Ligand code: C2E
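Take a look at this single chain, the form predicted alone, given in structure tokens.
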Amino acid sequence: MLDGLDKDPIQAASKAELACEKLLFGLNKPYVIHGKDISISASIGVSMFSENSMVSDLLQQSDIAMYQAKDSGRNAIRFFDPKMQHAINERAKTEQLIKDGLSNKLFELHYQLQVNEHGDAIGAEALLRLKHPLQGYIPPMQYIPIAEETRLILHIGNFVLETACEQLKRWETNPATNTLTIAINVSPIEFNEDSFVSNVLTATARHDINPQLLKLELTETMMVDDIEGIIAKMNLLKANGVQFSMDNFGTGYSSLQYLRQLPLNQLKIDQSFVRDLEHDEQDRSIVQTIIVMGKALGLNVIAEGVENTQQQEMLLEFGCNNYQGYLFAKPMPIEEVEEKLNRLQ
């Protein structure tokens, strides 16, 4: 605790920072233990206080600032910022929202149909939705990153897997739906779990579904680390019939050497390339390249984000025969999906 700094808060903070720098300098000096040079670093969090400050608040604030110093690369000094506190409070609220969603069954799956060039449904992508009793549907980007940071994504992923398998089982007895696939998005956190393969295979066996109708969507960014381990897991699942789609293809970095080793069934053209297809020559070139590449690798290619007939016609001309987007169907609750499927028959 430093006292007698200055009445002006800026001057006081400046003197506090100087004191912290001296402390860091002293701590960084190497010292000798049993003939060995040892050095340490420190992360320092600083909270400025006044006569009205509460000790408990100050300790919490300096602790928050210290973790910010750690996150910045350690051996650093960070001052508590009220904006930081607000962000942390919001994060805590979102984390609790996820937990409440899981315990109170507020999560649900909506489905967006995928169709071929004739407009026939070939499958659907399962999309996660969190319906708050007062706020309505919460945007996924508001809670998915925090779910991954806290590893609550593992519980969410299990819900998605189980729900998709249950739906495939229900569709099994209907001739209009028994050949449709359901694609689910897989988080890198989930996929990296040692139990991931057994979890998927256990779910498909427990629900007694055709595993070839379950499609796992992975992203290019997952392929950065431990590519050999990823390929091994994919091969195990593929050997048991589970399909794989490379989602958001073209937005990340994929080595062609690794791409041809991956046991994929499908490449999914990212909607960012489809959005300006009519007006952007570069996007057209990228889309054509992806389609040619996919066919060369023996993969099915599907374009997402198709919103008008001109986009579909261009994609068909380029050789892409499968589509997903608002031109055909928006993401819908399962009841609406089934009603639409009945109308398509």
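Nothing here was measured: the structure is a model prediction, and the numbers come from that model. Residue indices: 1-based, along the sequence shown.
Keep in mind the form predicted together with the ligand is missing from the figure; the text below concerns it.
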Next item on the list: Let me know the one among Leu201, Leu106, Ala176, Leu127 whose heavy atoms come within 4.5 Å of the ligand in the predicted bound form, would you?
Entry: Leu127
Margin query: Which residue, Ala232, Met141, Ala92, Ala239, is the contact with the ligand in the predicted bound form, using a 4.5 Å heavy atom cutoff?
Written below: Met141
Next item on the list: Spell out, yes or no, whether the shortest heavy atom distance between Glu304 and the ligand in the predicted bound form is within 4.5 Å.
Entry: yes
Margin query: With the partner left out here, check for me: in the predicted bound form, does some heavy atom of Gln212 sit within 4.5 Å of the ligand?
Written below: no
Check: Does Gln243 reach the ligand in the predicted bound form if we count a contact as any heavy atom within 4.5 Å?
Finding: no
Check: For Glu217, is any heavy atom within 4.5 Å of the ligand in the predicted bound form, or not?
Finding: yes
Checklist line | Contact check for Gln114, Phe273 and Asn322 against the ligand in the predicted bound form, heavy atom at 4.5 Å | finding: no
Next item on the list: Among 92-100, 186-194, 71-79, 258-266, mark the stretch whose residues have heavy atoms within 4.5 Å of the ligand in the predicted bound form.
Entry: 186-194
Check: Does any residue in 310-333 get within 4.5 Å of the ligand in the predicted bound form, counting heavy atoms only, and if so which ones?
Finding: Gly325, Tyr326, Pro331
